[in-house]
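So here's one chain in two forms, each on its own in structure tokens, numbered structure 1 and structure 2.
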Structure 1
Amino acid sequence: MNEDLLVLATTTAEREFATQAVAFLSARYDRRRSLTANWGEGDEALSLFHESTDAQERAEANAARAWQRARWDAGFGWIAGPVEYGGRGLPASHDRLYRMIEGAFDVPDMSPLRIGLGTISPVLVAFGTPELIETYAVPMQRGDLIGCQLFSEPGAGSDLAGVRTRAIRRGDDWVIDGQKVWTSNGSFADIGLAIVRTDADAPKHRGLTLFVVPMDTPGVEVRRIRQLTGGHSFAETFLSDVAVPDSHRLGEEGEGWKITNRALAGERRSVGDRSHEMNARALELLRTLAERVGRSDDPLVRDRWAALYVSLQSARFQQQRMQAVPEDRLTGAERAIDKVVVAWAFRDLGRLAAELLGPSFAADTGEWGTFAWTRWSLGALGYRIAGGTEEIIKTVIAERVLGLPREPRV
């Protein structure tokens, strides 16, 4: 059993590691069951974003923390992390391998921790002082702290280097003033990584610096924003006279842009992890749905379903193929392809669901597995935007992977 997961490994060392991971996981969780096997029962699980109440949100965050703790204790909590900080010191490829394998098991949803583990911790390790790593990265890896990213502002989204939130030096502290927006996890995160302007006179990309901001610092105020799906998975964050010690600066003054880009690359990479599994399950549900509404002989439906099958399989193989490419042969932007492809798949799955459901997509009949697709379709819209819009990512890929000349920059 679980042999299918071992083929994801490409070297002997990876195979050994994969065997340990499978043993760890299978002792704790079942493989994900096919959703169609218990059609009509349980959670329809078609939300791409959290739609939870406060209490549910806390419960989900706690479940994620507990699972991260269990991973940590078993040596799977920080696979590529430095040994001196409690990490396992294995190559990044082992980490990706673990996540691909874990995707096949019915583990708790880790999305509350994803930003901390996928985006913030790696840059803390790469650019932070030992103190920052000990105080923040290690506890995040252990599941004790939840992170959020304080990047976007009302006036600075795609053009992130245009942020206006500023930090001014006061003694040993920096005092931050401004407003951040679209802060995922903002309402329950313990720390935020903020990109702010520290030099108003320097050229746009050079005057930026990163700080780790404990979210309970006086002057930090988080207000939830309701997203179009109805829930509140992000927030706006107001920063008024927020004092953080200089020891919370990540990297040098003026290095903020460079490090943020590294962080964003990490985020784009981690989008695909769970999505492949979700998409596969959604595709299976759609097949059953097609049968139930009597459309599985409709050539149009067959063609659209199979087109999705082709793109999802190809995307999964792409992920596995990239796994085999040594890190030094990649520019880093290759994996961003995954983010774009996953977002398209989300969209197209939602469209096919709508096609099959007809009026029950637009009005709830109360039937299981029907109206819930609206949440999927609406959520899909966000995936094309979050973590860099499709347009921006296409430009990044063209410039970094294909080497096309950069756009003129002001």
Structure 2
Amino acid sequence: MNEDLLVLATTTAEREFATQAVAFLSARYDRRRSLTANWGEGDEALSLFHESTDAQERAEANAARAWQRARWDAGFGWIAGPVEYGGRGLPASHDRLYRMIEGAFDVPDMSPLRIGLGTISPVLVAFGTPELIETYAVPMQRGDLIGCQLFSEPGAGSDLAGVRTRAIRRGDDWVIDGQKVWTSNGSFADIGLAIVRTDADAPKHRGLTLFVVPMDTPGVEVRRIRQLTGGHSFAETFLSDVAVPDSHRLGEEGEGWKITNRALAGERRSVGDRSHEMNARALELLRTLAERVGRSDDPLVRDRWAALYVSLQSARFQQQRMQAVPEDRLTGAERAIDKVVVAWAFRDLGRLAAELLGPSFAADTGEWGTFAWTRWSLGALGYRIAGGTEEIIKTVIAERVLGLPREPRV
């Protein structure tokens, strides 16, 4: 039993680790039933962004915390983390192997913890002091804290170097004033990783610094945002005279841009990590939809479907290739490629659905597998922004990967 999971291991050490992981997971949860692509069965599940109420999100966060604590206690909470901080110090390949195995079991949704575990904690370990790591990174990995990113602003989402939230030094503290937007987990996060401007006279990429901001600090106000799709997965965060000690600074003053790029690489990676099974199911639903509307023999539809299949497979292979490269050899641009190709796939899947459905795409008739594609297409717009808009990401790829002339810098 579960031999199909053990074959994912490629070495003797990985096989032993996989055996331990399967034993741990199978003792607690049943195997997960994959979402069916059979027409008319179950929920269409075509929402790209999480859709839930505040109460539901908090319940999901509590379930995720509890599961992370169980993983930590069993030695699966921080698989590649430093041994001196409670991690197992295993290669990143073991972490990827565990995630593949865990994905086969009906465990709680870890989305509420993903930013803290995959984005904030790694940069704290890389650039933070031992005190910051002990105070924030370890508790996040243990499931005790939830983190959020305080990056985007109303006038600086695509180009984070243009942030206007400022921090002024006052003795041993920095006082932060400004506004952040599109904050995932904002309404229930314990800490935020904030990029702010500490030197108004420096070039915009050089006057930035990162701080860890406890979300219960006086002056922090969080307001939930209602999305086009009806959910409330994001918030806007107002910072008014928020005093943060200098000990909460991450890296050197003015080093924020470099650290932010490291953090965004983790966010862009997670966009691709979560998408492949979902895209494969969506593509199969589109094949069935083409048959139902009598266009499965249309050469234009067949060509677009085949192009999507090739694109999705290429995206998957690209990500697998990058996962085999040690993180310290990656520049961040590789993850940008992942993010762009996945966002394009979301967009093109929605466009083909609209072509096949015609008016049913925009008018809710109650028929299964029709109007639900509207949520997909609206979500696809968001993914073209999340982790940096396509325009910014393509500039990164052009300059760092293709070696094209750099854009003029202010």
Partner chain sequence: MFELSREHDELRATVRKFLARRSEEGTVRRLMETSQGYDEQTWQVMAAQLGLQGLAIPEEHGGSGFGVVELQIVMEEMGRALMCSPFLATVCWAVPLLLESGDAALAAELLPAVAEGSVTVAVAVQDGERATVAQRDDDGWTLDGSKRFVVDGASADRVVVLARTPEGPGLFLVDDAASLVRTAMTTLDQTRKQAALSFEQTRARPVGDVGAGQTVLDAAMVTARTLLAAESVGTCARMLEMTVNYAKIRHQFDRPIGSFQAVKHLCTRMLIDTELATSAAGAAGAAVDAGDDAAPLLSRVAAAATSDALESVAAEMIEIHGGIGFTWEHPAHLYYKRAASSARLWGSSSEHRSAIFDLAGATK
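If you superpose the two forms and keep the largest set of C-alpha atoms that fall within 1.5 Å, you have the rigid core. The structure displayed is predicted, hence computed values, not measured ones. Structure 1's sequence is the ruler for residue numbers, which start at 1.
Q | Structure corresponding to the form predicted on its own | A | Comparing the pair, one sees that structure 2 is the form predicted on its own and the remaining one is not.
Q: Determine whether the C-alpha of Trp67 shifts by 2 Å or more between structures 1 and 2 once the rigid core is superposed.
A: For Trp67, whose C-alpha is compared between structures 1 and 2 after core superposition, the shift is less than 2 Å.
Q) If you line up the core, does Trp305 shift 2 angstroms or more at its C-alpha between structures 1 and 2? A) Yes, the C-alpha moves 2 Å or more.
Q.
Rigid core aligned, does the Cα position of Leu283 differ by 2 Å or more between structures 1 and 2?
A. Yes; that C-alpha moves by at least 2 Å between structures 1 and 2.
Q | Per-residue C-alpha deviation between structures 1 and 2 [Gly379; rigid core superposition; Å] | A | Gly379 is displaced by 3.6 Å at its C-alpha.
Q.
Rigid core superposed: how many angstrom does the CA of Ala363 shift between structures 1 and 2?
A. It moves 6.7 Å at the C-alpha.
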